[in-house]
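Shown here is one chain on its own, the form predicted alone, set out as structure tokens.
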Amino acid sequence: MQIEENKNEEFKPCIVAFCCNWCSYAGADLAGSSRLTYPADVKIIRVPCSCRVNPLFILRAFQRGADGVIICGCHPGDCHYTTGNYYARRRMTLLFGMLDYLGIERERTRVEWVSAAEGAKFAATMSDFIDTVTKLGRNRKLRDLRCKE
């Protein structure tokens, strides 16, 4: 049984944001306390460090219906755990190749470096990412990519 989508309903993408506790999450907090606006469709998941984001978390987010996933961490050289964001950058480079193989548009996943003092950059980054994903349209979930009989 296939669920039919309402064609008249305006598309609002569901975005999952994995944010580093020490920089990016603090940047999101600063954006909120400064009353800077970004779309409410961004669901923030707080992680200790951007290197803690396993590529399987991103695949699972797409499988569960996310239209876009963004990983936000400390600027290179400013990581609370010294080299965590370097590991995250390498992992995400490998993940981008896997997403291309799976047929998920590369623009649906992004890595950004946002410090605790950059609330305005956090809000602007989220708004820009929402615009990019909105132009792409709904995500084809991973479970929909399997062969069907």
Partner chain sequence: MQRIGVFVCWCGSNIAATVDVKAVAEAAKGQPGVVFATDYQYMCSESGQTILKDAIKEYGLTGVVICSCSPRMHEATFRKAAESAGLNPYMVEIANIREQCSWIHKDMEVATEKAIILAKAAIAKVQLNKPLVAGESEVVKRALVIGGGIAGIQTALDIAEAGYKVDIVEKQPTIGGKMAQLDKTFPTLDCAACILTPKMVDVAAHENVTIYSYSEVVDVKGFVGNFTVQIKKKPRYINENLCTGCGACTEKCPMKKQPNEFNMGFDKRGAIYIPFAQAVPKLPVIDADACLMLKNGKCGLCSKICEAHAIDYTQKEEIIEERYGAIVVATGFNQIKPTQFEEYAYNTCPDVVTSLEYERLMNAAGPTKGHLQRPSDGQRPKTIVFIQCVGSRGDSCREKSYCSKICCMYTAKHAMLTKDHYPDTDIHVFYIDIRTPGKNFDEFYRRAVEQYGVDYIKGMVGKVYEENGKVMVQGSDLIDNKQITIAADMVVLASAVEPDPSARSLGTMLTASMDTNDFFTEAHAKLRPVESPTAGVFLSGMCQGPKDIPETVSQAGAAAVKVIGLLAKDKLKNNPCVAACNQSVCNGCSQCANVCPYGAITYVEKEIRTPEVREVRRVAEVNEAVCQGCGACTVTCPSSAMDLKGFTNRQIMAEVDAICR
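The model shown is predicted, which means the values in this text are computed figures rather than measured ones. Numbering follows the first chain given and starts at 1.
The discussion below concerns the form predicted in complex with its partner chain, not included here.
Note on the partner interface in the model of the complex: the residue among Leu95, Ala26, Val111, Ile104 having a heavy atom within 4.5 angstroms of its partner chain is Ala26. When its partner chain is considered in the model of the complex, Arg64 lines it closely, a heavy atom lying within 4.5 Å. Within this chain, Arg89 is remote from the site of its partner chain in the model of the complex, having no heavy atom within 4.5 Å.
By the criterion of a heavy atom within 4.5 Å, Ser127 is excluded from the residues contacting its partner chain in the model of the complex. Looking at Ala117, you'd find a heavy atom of it within 4.5 angstroms of its partner chain in the model of the complex.
Of all the residues from 67-98, those having a non-hydrogen atom no more than 4.5 Å from its partner chain in the model of the complex are Gly77, Asp78, Cys79, His80, Tyr81, Thr82, Thr83, Tyr87, Arg91.
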